[in-house]
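The chain that follows stands alone, in the form predicted alone, written as structure tokens.
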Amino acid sequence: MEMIIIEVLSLLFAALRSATPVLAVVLGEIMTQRSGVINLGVEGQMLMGAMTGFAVTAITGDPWLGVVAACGAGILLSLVHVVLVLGCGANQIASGIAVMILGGGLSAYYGIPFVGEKINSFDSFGGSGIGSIPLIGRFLGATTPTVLLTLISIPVISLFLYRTRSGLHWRSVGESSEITRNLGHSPVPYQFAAIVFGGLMSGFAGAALAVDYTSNWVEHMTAGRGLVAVGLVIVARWNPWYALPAALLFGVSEALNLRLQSWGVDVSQYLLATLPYLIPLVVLMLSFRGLKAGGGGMPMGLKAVFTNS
């Protein structure tokens, strides 16, 4: 029985570490879409964050500087979406795809010198006394700062969104920009902040992936995680509290994929590699039933985006 508990806990904490980059993107995109703007460019922003974070860490030897630089890279790339959407009135879907392609190209080009480099990653909490906790200490001790920061951001974002006046205005912009203007508030500052915050979280997610989770940089290493995160926003019903279970769909699938291979399951490794994408896709398809029935929590402003695209 104890071996089963240990195996389940091992799978759960492995899933949490794997899900952390996706969770950060989901949280950032929830805030962006809550303002009535969708940004498909998070994949490119995540790649730029991963490359920049890894490069700065390799040069300086400090992973914290790498994380800060990654956040900055994500913000800078998100400003392209700001200029195109808010400044030029461009189609949000087309602008997001442009940002995604731009981020992929820039990260691939500037990341060439850092392929195969070794870096000093974050230390786990194993030496802080957490590792001595009975049973779960061995798993909690393996937790790293990026995992903890991402988990802390869930209640912080939720409290801002649902318990502050600014959060109320933020949500009202996503429901109707016209009504927000009639109430005497311009929607542009909120949408600007939302897109930039999404860029920050995407850049952080890239650093969590390259600097912490894999300690490696490879061209296009995000492998579609950003786009999966955009879909998981729907699964989470645009609610930060539901972001963790939504992201764990990907994390558990990826951890289970690795576990099944290590257990010697007689299934093609290429087929098993589809699990992290197949399972969230199935849940996303099922989620559309809720969207049709009661809106599923989608901000009314987003419906106009899809209608005009």
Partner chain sequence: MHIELYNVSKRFGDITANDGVSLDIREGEVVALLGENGAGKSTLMKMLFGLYPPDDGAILVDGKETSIHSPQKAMSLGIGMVFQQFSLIPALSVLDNLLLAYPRAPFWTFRHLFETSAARSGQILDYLHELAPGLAPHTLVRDLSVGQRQLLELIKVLNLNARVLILDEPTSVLPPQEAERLWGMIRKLAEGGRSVVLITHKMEDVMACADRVVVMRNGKLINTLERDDCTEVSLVQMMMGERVDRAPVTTPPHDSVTRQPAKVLIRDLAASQGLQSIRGINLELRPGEILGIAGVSGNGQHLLADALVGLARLSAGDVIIDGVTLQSASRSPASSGQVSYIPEQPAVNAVAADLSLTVNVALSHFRNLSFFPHWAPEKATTESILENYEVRPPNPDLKAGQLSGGNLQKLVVGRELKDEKDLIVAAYPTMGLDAGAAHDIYQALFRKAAEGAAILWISEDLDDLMEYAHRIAVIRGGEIAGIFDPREADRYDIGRAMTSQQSDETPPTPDTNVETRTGVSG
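Only a predicted model underlies this, so the values are computations on that prediction, with no experimental measurement involved. Positions refer to the first chain, counted from 1.
Although not depicted, the form predicted together with the partner chain is the subject of the following passage.
Answer range among 69 to 77, 145 to 153, 166 to 174, 194 to 202 for contact with the partner chain, defined in the predicted complex as heavy atoms within 4.5 Å: Of the options, only 166 to 174 has residues within 4.5 Å of the partner.
Arg237: touches the partner chain in the predicted complex, heavy atom cutoff 4.5 angstroms: No, no contact at 4.5 Å.
Within 4.5 Å of the partner chain in the predicted complex: residues from 226 to 242 (heavy atom criterion): If the 4.5 Å heavy-atom criterion is applied to the partner chain in the predicted complex, 226 to 242 yields nothing.
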